[in-house]
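Just the one chain here, the form predicted alone, laid out as structure tokens.
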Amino acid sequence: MSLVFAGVCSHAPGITGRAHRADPAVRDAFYAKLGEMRERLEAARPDALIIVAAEHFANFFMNNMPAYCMGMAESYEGPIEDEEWLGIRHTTVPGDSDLSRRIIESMMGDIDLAYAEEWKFDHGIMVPLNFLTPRYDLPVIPVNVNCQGPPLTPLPRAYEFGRVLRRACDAQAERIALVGTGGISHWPATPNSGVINEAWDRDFLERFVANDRERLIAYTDAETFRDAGQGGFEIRTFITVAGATEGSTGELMFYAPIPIFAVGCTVATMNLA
């Protein structure tokens, strides 16, 4: 079987933790599109969900920072953050260690990939799951792309990682869904938290839904840091999804800057070829 669903969405902690402080009209429109994304995901009837996220020093640190890592556990726990602060109850999320192992083994011939049998989910995974699999009944396979600690993986390599991931998924019997989560422009944990570069975000999303590889990988890290903040490095998760859906184009279901969430909030899906 091949991928049966692919999409991307934002994962900032304010999306759940500061929901009561957002403009209700914009917040509710955003939540509604996340709900529509969940309906599309469920309609695809996946056996497992691979979620590509940027981990925030919850498990990986500068003493051991893999460029790419995939979970290989029977289950995961999260959120690692305080429940009240994030607005998400602590829970156990099912995994699929056998499927993870087969995907990892399939990928290792083409790309170096670390794996982990222990993984505490932070908001980068738990916020999307809160909306997309609210019953936590779909097996999840987490993937971390290092977007935090330089040297960061080059953007062409992130696109190639997506290609390799797609080939590995195509080789499995299961129906697999893929979701990438990240920024886009944001300056977390800095005095500029809440600043959003809407023009930069919209330009990036235009490149993403067109799945224009050359334009997606054209950014330098210096340009991204200048225009989209250190949080902008998380475009690697979106670019991974683009690589995994090469030949397909996407649909931007929602985008709006929501300063209290400290990010340009995005929901998009890929129309799989």
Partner chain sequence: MSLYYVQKLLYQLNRDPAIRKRFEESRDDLLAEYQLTDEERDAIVDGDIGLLYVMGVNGQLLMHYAALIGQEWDQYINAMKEGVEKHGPVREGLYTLLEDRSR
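Positions refer to the first chain, counted from 1. Here the structure is a predicted model, which means the values were calculated and not measured.
Keep in mind that the form predicted together with the partner chain is missing from the display, and what follows is about it.
- [ ] From the candidate stretches 45-53, 208-216, 29-37, 224-232, select the single one in contact with the partner chain in the model of the complex, where contact means a heavy atom within 4.5 Å.
- [x] Contact-bearing stretch, as computed: 224-232.
- [ ] Consider the chain as shown here, without its partner, and state which of I80, I111, A171, A114 has a heavy atom within 4.5 Å of the partner chain in the model of the complex.
- [x] Of the listed residues, the single hit is I80.
- [ ] May I ask you to state whether P257 is within 4.5 Å of the partner chain in the model of the complex, using heavy atom distances?
- [x] No, P257 stays farther than 4.5 Å from the partner chain in the model of the complex.
Open item on the list: in the model of the complex, is there a heavy atom of the partner chain that lies within 4.5 Å of any heavy atom of G250, even though the partner is absent here?
Closed with: Output for G250 is no: heavy atoms all beyond 4.5 Å of the partner chain.
Open item on the list: Just checking whether T91 would be counted as a contact of the partner chain in the model of the complex - the rule being heavy atoms within 4.5 angstroms.
Closed with: So T91 does not count as contacting the partner chain.
- [ ] Give a yes/no on whether A67 approaches the partner chain to within 4.5 Å in the model of the complex, heavy atoms considered.
- [x] It does not: once the partner chain is placed as it appears in the model of the complex, A67 has no heavy atom within 4.5 Å of it.
Open item on the list: Just to make sure I understand: among 43-62, which residues lie within 4.5 Å of the partner chain in the model of the complex, judging by heavy atoms?
Closed with: Sequence-ordered list: H56, F57, A58, N59, F60, F61, M62.
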